[in-house]
Structures are given as structure tokens and as C-alpha cells.
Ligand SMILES: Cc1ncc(C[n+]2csc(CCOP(=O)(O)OP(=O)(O)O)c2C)c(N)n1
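Coming up is one lone chain in C-alpha cells, specifically the form predicted alone.
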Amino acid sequence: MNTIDQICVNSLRVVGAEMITKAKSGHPGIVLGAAPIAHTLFTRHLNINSQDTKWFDRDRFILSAGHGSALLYELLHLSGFEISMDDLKQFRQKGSITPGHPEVNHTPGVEITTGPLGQGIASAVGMAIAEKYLSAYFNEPDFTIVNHNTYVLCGDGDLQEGISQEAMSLAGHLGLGKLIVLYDSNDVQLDGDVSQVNTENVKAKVEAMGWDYYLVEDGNDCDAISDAITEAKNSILKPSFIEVKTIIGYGAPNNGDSSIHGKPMPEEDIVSLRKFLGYEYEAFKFCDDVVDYYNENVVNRGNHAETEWNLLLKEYQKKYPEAYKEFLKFMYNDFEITDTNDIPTWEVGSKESTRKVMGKILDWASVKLPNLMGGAADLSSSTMVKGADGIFGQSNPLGRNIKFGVREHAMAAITNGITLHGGLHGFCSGFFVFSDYLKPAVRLAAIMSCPSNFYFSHDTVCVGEDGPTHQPVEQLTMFRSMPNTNVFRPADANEMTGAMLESFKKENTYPTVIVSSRQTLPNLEFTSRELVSKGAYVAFTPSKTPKYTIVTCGSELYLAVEVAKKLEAEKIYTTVVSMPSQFLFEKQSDEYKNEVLPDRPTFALEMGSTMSWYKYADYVFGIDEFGSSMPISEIYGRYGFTIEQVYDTFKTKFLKK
């Protein structure tokens, strides 16, 4: 290893440890142990450009072990991104751009928000899928305008999470040759030695999943690390897994011990670290040699790489002008639906499950929007959701239908990776009750303002005979309570069409969750495709001034209107409000909200948890218990959701309240 490499690595170690100690919070173990891995990757292989952070053909670097953020911020600082030394000194402090875990759109150069272990690996698989699809779509033999790698730095904890195993299994199956995982293998985790919880053969396991495996026995040997990365880059048929044996907390007095994982080093241990490394530079200081080395090998190389790419793109434009125009539309997410004249429609009075409507609208939209890509977790025949152009895979990299298999945990994170990569808009689907498996990645999408789409079917206990394990009750409340997440529960084909169109909007800065019915629903004369965009609207108005309001959504809208008509016959005048999206309704003006839901007694109705409705209603009728197995024909009566039962509840419990 060159002397300059040693100086750079030691600088990363010391400054990183100082950041953590100053913050009195953080994880020095990975910073000290994995510094040679990250340094080697950045200075010898990673093509990024701090002057153009969104350069489309840049390599993607994902710190899946997000607790090692101090190391990432140092690297980005040295690589020319707008992260100053003062920013490094403000690590984990209020208002800083160097938070405890990396956050995309918050810190320049960060590709994805990580922290929950395994999410980074899974999202990286999505990015590699996007690269593989776009390269197949646009590259010509003489013009490889999409040609970059996705790198992941992970630790033992990442690999123990089930989500990473699901994702790696799929990556191997798909032959994602541009995906390279660097495993910081130090045999220690937070609670002790890895051997106490995990004794599997990592090499055999990853090879069985279809990955190439490489071992670097000395994690301080930058040349050996670089050689392994070079070999991995030359492996185009399989993803690559590089195990680098390191020492956690290298150089600290308690190196090799779990105590160094997540506790700041005392000042005296920083002194010992400096002495062990022979490091004599002042605190929070990168010497000129280190700065110059990164300028030459990261900043200048990245500038040169993008300059060469721009020249290539100009030649591509000359030879393939139409493909170039389309490439720009992909690159800048410039797709939107402006013409809906040929959109599928349903006659009033006809019956269709909203899951079938969802699938048909998606099929129609996939023609209009060639950047839509996604699929289902082995449930496309039930959710009716699938991508276009055949199954994506090694034999068909131009397919937009991803068969995720029964991998719900990874599916959602992979979808985020597809969307975050740029150029594509990712979606996925499953049964709504299994959204519990997807929730962590949906939450991250919301935090990241990532507009991934999550389409679910089987929205209530009306699943029937499958019983409580398959009957969602609390899931709607769970997602509605999630900040920056748009949840739709449409009542019929009109509302589902409106919800789907909303989910395709290119300006969305939030994930969209749409839940659909398994059972057929009547297509109603009083629903509005257009007003779905406001979240709620008046669907039924009585013949005289109303004294009451029923607010509802989904399959219960028809039920609510029938109840309102029955009440009107008794001169109990009641308005019915359809609220397919509480999220969008809250974005409306106070004037509109007061117009739709004026200050009068309000009754809410939904076949699920009552909790999310108390903001809008004085009385909520729902289901605050788990379901049970029975034919769907008996479900309504069992839980009180027939016209007569709701009518009686309204009169005996709501009116007398």
C-alpha cells in the first residue's frame, strides 16, 4: 500500500473518531475498521462528480451500514461536495447537514437514507435493476451511455436482516453484474462476537445465491481491496460480494471488542489512537497531501468521467436523435399523462372489484408512461398488478414486469431503489394485510420524499374465509398515521381511476399507497374521478338542509348513501362525504375543508380500525377487533355493515350520543 494511502486512511480514522467524540454520540467501530475499504473505493474506482451531484451515469454508493455515517461525510467532504469542516464538526447536532444516519436530499452526495439495517442492500438491488434495464433500453454497440456500478458497504448486521437475504437472492437470480457489495467482515457486532449468533459459511451462501465471491484477508491492504473490486467490475453476469476481513475499531485501545461499536471514544483513547497510527496532524484537519490526493483521484477523475460522458452523449444525439430525445425524458422524469380520452371506463351500475380496475388502469398507463416498472410478490394474479413488456430478467432485460417472488420485505426497498436511481418510476403490489412486511421501506420512502407506488388488494375483512391472518384491520390507520404518505381507499372504478392517475404524477414528493377491494363493487353515479385529487368531496346531498354528515370511503360509500336515503325518508337529512385520501384532504384550503365537512354532527364509517377517523367525526363505526373466517356473504352481518345495521347504529348510538 502506498504511503499516501496510509496517510489518507489514518486521516479518515482520526477525524472520524474526533467527530464522534465531539458529538458524544456515534459509531467509531466501523469508521476505524472500514476506512481502507471506503478510501480505496472512492479514490480508485468510484465515478462521481461533486460539481454535478445528479450526473445520471455516476456510480451509486450506498452505505447500508448507515451508522457509519461519519466516514461517509468525511469522504464526501474530501470529494468536493458542499460539506465543510464545520459541518463535520457539527456531526449529529441540531440543524446540521451531517445527521446521525445518512439522509438523501439533506446531505450532498448521499444517494439514499439508510439506518435500518438491510434496507440499503435491498434498495441497491433496485438501483442495479434500473441500471440494467436502462442500459438495455438505450445503449448501442458503439455507445454505452448507461454504464455504471452500484456499490454497497455493509456489515454483519446488514447481512443478518432477512430483507438483505431476500434481496440478494433476487439479485443473483437476475444476474445483476453491476452490483458490488463490500462486506466489512470484522466478526464483531453490537452485543458481542458474531460467532455467538451466526456461524454460517458466507462464501457458500452467497455463491449458492448466484453471486461471485471474493475474499480480502487483510482489510488494511488497499491494493488487495482494489484488485478485488477490479475483478468484481469485470464480472458482468453475476453480482459480486467482496468479503474484507477487518478489525472493528482498528487502532483504538479496545479494538476488536464490541464495546467500540457504538460508543464515542474518550479523549485519552483518541490520544492512544493517534499514537498507534503515528498520526501527528492537528485535530479536525486533513493535511494538504490528503486533500490533493482526493482532488486528483476523486474530484478530477469524476469531472473527467462526466466530461467524457457528455461528449459521448453528443455523439449519441447525432447518430440516434430520437433515442436521445427519449433518453432525456427518462433522465429528467419528463413523463406525464395529458390525454385520458382512451382511458378504460366503467358504466354506472356495472360491478367490478377495484383491484381489477387498478390493474386495467396500470396496463393502460404503462403504454403512456414507459418509465413505469414494477411487479408483485407472487400475487399478480390476485392483485391484478404487473409491469409491461414481459418479465424482467437475464433473458429479457427490457421487461418491465418484475417477479419479486415471495419477498415482500425486499420488494418495497427494491422499488425505492428503482425510483431513487432516476429514469424509472417504481411500483409493487401485494395483499394489504402483508403491508406490515413492506412498512419499513414505505416509511423510508416517506422520509426520503421518494414517490414510489405501493398497490394493495384485499382491503378489508371481506377477504372472507382466509380469516384474521389475511384480513386487514389496523393497516389503514398505520399508513394514514405515517407522515408524508398518501393513502387512497377508492370506492369504485371512478375513484380508483382518479387515485391511480394521482399516483403517476411526476411532481409527487411522497409515496402513494392505494388499497383495493377483492369483492366486486357497484360503479356509482355520484362518485368523481376528478375530485379524488382533493381527498374528499360531497358525494350525496339530501333534498333539504342537512343536519348530519356521514364520512366514509371505499366499499362503504355505497352503504353510506343507502343509509342516508333511508334516513331522509324519515326527514333525517344527512350529507355523505367520500374521503378516499385523508392526506390530500388535509392539503386543501380551510374554506374547502369547511365546505365539505362543516361544523355539524358527523358519523364516520369504515370496515377497519376506528382510530384514524376521530379527527373528522363525533362517532366512528368500524372494526376494532381481528376478523374471523367465514364466507363473505356472512361478513357484513357479522360486523354490522348491512344497510339496516348501520341505520340502526346511526339512530340508536350516534343520534342519542
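Residues carry their position along the shown sequence, with the first being 1. Everything quoted here is computed from the prediction, not taken from an experiment.
The next section is about a form of this same protein that is not shown, the form predicted in complex with the ligand.
Asks: If you check in the model of the complex, do Glu161, Val188 and Ile248 all have a non-hydrogen atom within 4.5 Å of the ligand?
Replies: Yes, because Glu161, Val188 and Ile248 each have a heavy atom that approaches the ligand to within 4.5 Å in the model of the complex.
Asks: Look at the stretches 229-237, 335-343, 319-327, 112-120 and give the one with heavy atoms within 4.5 Å of the ligand in the model of the complex.
Replies: That would be 112-120.
Asks: Of Lys178, His458, His261, Arg400, which one comes within 4.5 Å of the ligand in the model of the complex, counting heavy atoms only?
Replies: Filtering the options by heavy-atom distance leaves His261.
Asks: Have a look at Glu408, Glu74, Asp156, Glu556 for me and say which one sits with a heavy atom within 4.5 Å of the ligand in the model of the complex.
Replies: After the contact test, the surviving option is Asp156.
Asks: Quick one: does Ile62 come within 4.5 Å of the ligand in the model of the complex, counting heavy atoms only?
Replies: Flag for Ile62 set to no.
Asks: I'd like to know if Arg58 sits close to the ligand in the model of the complex, meaning any non-hydrogen atom pair within 4.5 angstroms.
Replies: Although the ligand is absent here, Arg58 would stay clear of it in the model of the complex, with no heavy atoms inside 4.5 Å.
Asks: Find out whether any non-hydrogen atom of His67 is located within 4.5 angstroms of the ligand in the model of the complex, and reply yes or no.
Replies: Yes, His67 lies within 4.5 Å of the ligand in the model of the complex.
Asks: Please run the contact check for Leu32 against the ligand in the model of the complex: heavy atoms, 4.5 angstroms, yes or no?
Replies: Although the ligand is absent here, Leu32 would stay clear of it in the model of the complex, with no heavy atoms inside 4.5 Å.
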